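Only one chain is given next, in structure tokens, and it is the form predicted on its own.
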Amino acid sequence: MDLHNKTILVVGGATGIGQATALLCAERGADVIVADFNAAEGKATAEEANGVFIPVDVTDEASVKAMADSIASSHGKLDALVQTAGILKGAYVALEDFELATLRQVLDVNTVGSFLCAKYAKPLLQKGEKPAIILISSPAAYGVSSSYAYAVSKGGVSALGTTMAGKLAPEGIRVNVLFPGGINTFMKRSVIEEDAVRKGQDPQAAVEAAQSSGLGEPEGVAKVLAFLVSDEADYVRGSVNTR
């Protein structure tokens, strides 16, 4: 799958699914821009991808705008935005104990961050070739999550993507929402460890058991994302589920 002549912005590209996606897109010929709050690992990923790194705080509108302005100056356009930045807080906290500050923090990163990235990427995407926006939701959006905040935030991402898909299609921008299953990332492992501690179990053993029983790898999701940003995915509509 050829991604030459594609300029792809991967927000949250320092680690996990974002990192795997940035590296695979670069391997397939794309000009990759890695944006992340995590500067050290973000720079390392960008260097490995022969791309550039832009620091960004997706909860801060001025920071997201500065990211877009930097891309406008250096690249002039985008062909795809892949928004993978996300957090999970408040796992296994009871409703009556759940803090509003935690809810707002998760919503700010996952939902507001997706909105801001799409908002400021849009003018650059309008200059691209068959442009696409890919947002990352979760089965937590329609199932039972370990965290009230995470479920609400990912439900918001799903609704945002659905609405953008309808509104931006006439402008030539395709929008898809990806729903990865259980993936072997730092965030997922942390939740497994937290659950094990809560149950009085060995956290490391719990992670190893989950890995051996079917956690997917970020590289597998990256293959789906690399397809979705390609011209071959031009007929794909709506949401996409992975293992």
Ligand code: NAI
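Model, not experiment: these values are computed from the prediction. Start at 1 and count along the sequence shown; that's the residue number.
Another form exists, predicted together with the ligand; not displayed. Remarks below refer to it.
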item	value
All of Thr7, Val52 and Tyr120 with a heavy atom within 4.5 Å of the ligand in the predicted complex	no
4.5 Å heavy atom contact, Asp57 to the ligand in the predicted complex	yes
Close approach of Ala85 to the ligand in the predicted complex, 4.5 Å, heavy atom	yes
Non-hydrogen atom contact Met164 with the ligand in the predicted complex at 4.5 angstroms	no
is_contact(Ser230, the ligand) in the predicted complex, heavy atom dist at most 4.5 Å	no
Among the candidates Val197, Met187, Ala66, Ala44, the residue which, in the predicted complex, approaches the ligand to within 4.5 Å (heavy atoms)	Met187
Per-stretch contact check against the ligand in the predicted complex, the hit in 96-104, 149-157, 120-128, 71-79 (non-hydrogen atom, 4.5 angstroms)	149-157
The ligand in the predicted complex - contacting residues of 100-133, heavy atom within 4.5 Å	Val109
